[in-house]
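Take a look at this one chain, the form predicted on its own, written out in structure tokens.
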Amino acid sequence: MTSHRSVRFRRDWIHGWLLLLPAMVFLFAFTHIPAITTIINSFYSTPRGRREAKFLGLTNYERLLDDAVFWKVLGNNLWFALGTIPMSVALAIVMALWVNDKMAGRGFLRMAFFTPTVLPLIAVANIWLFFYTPGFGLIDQLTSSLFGWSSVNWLGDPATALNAVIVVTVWKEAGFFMIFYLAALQAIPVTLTEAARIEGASRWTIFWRITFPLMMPTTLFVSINAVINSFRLVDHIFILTDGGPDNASSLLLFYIYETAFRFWETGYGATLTVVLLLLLSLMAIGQFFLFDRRVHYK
């Protein structure tokens, strides 16, 4: 009897690992192995032609500490994350609450909110490039006709370039996050809100005491995705500002792209990538500890 159970356990164990094998192969091939290779390359110089890469130790990291552009780009990225994450999450919650109510044209409204998400990033950037064009762009046309304001070069001014990109990103991502919140709202039992209304609770009390706490697992998932998205933006920067003016709108991943592929400094680019991976890991771990006590899974 024991032998039969042992054979069955081994067969189930092998069967389970075989089911996991395809996903594990792709996970290691496209995530773990490139990450390990990047860490190793960060300690080497850039190979050029017949000249092989040489071991440099911590030289690339010492260069990073003295790189003024890196610190400026890192500051830009932190401001970009601070501007996009709370705004996109808050806007997604508001839109989800709105389209979750019974109203005429609810399906059309949901489609309108979600449409920016399905548009290609390059197409979105080109649409907003027309909006921001000084003189004859849509924003300048509206502000000049309604308020009499003078023309503003939103993407060419260091004071407004990054904020203009933040607006585009929030417009693009809020509809995507709205879908997750809408699914979370529809999973909340109606009896809870009905009981609260019978007890005389206001809409704000129902949201803050019932709806929002039950949406915390979704908020954790959405916030982690929002953090990752805020550090991996390249397409909008490439089309709208190309990192300018004077690196005012350059973000960390765009700087990595420039360093590794425009200037062909792959060793230093790998060092920048290690810093990016470390930042994302620390932020993800911090979010788990921050939301852990507030997440209700049942």
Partner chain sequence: MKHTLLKAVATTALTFGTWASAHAVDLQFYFPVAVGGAAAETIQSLTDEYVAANPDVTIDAVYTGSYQDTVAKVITAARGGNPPQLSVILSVDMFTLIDEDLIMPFDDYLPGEEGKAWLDGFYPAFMENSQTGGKTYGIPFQRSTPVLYWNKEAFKDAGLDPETPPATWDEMVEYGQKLVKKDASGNVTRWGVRIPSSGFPYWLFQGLTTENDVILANADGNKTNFDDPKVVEALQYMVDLSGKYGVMAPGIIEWGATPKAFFEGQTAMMWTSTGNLTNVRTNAPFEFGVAMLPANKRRGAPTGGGNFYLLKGATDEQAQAAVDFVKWITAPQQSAKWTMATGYVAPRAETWETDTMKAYAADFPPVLVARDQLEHAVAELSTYQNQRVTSIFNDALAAAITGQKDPEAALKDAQSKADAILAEYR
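Residue numbers count along the first chain shown, from 1. Here the structure is a predicted model, which means the values were calculated and not measured.
The form predicted in complex with the partner chain exists for this protein as well; it is not shown, and the discussion that follows is about that form.
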Heavy atom within 4.5 Å of the partner chain in the predicted bound form - the one residue of F108, W71, W208, F136 that qualifies: F136
Partner-contacting position among G148, G75, P120, P189 - heavy atom within 4.5 Å of the partner chain in the predicted bound form: G148
Only one of 239-247, 269-277, 226-234, 29-37 has heavy atoms within 4.5 Å of the partner chain in the predicted bound form; I'd like to know which. 239-247
Interface membership of G200, the partner chain in the predicted bound form, 4.5 Å heavy atom rule: no
Does any part of A195 reach within 4.5 Å of the partner chain in the predicted bound form? Heavy atoms only, please. no
N153 within 4.5 Å of the partner chain in the predicted bound form, heavy atoms: yes
Contact with the partner chain in the predicted bound form for V94, defined as at least one heavy atom pair within 4.5 Å: yes or no? no
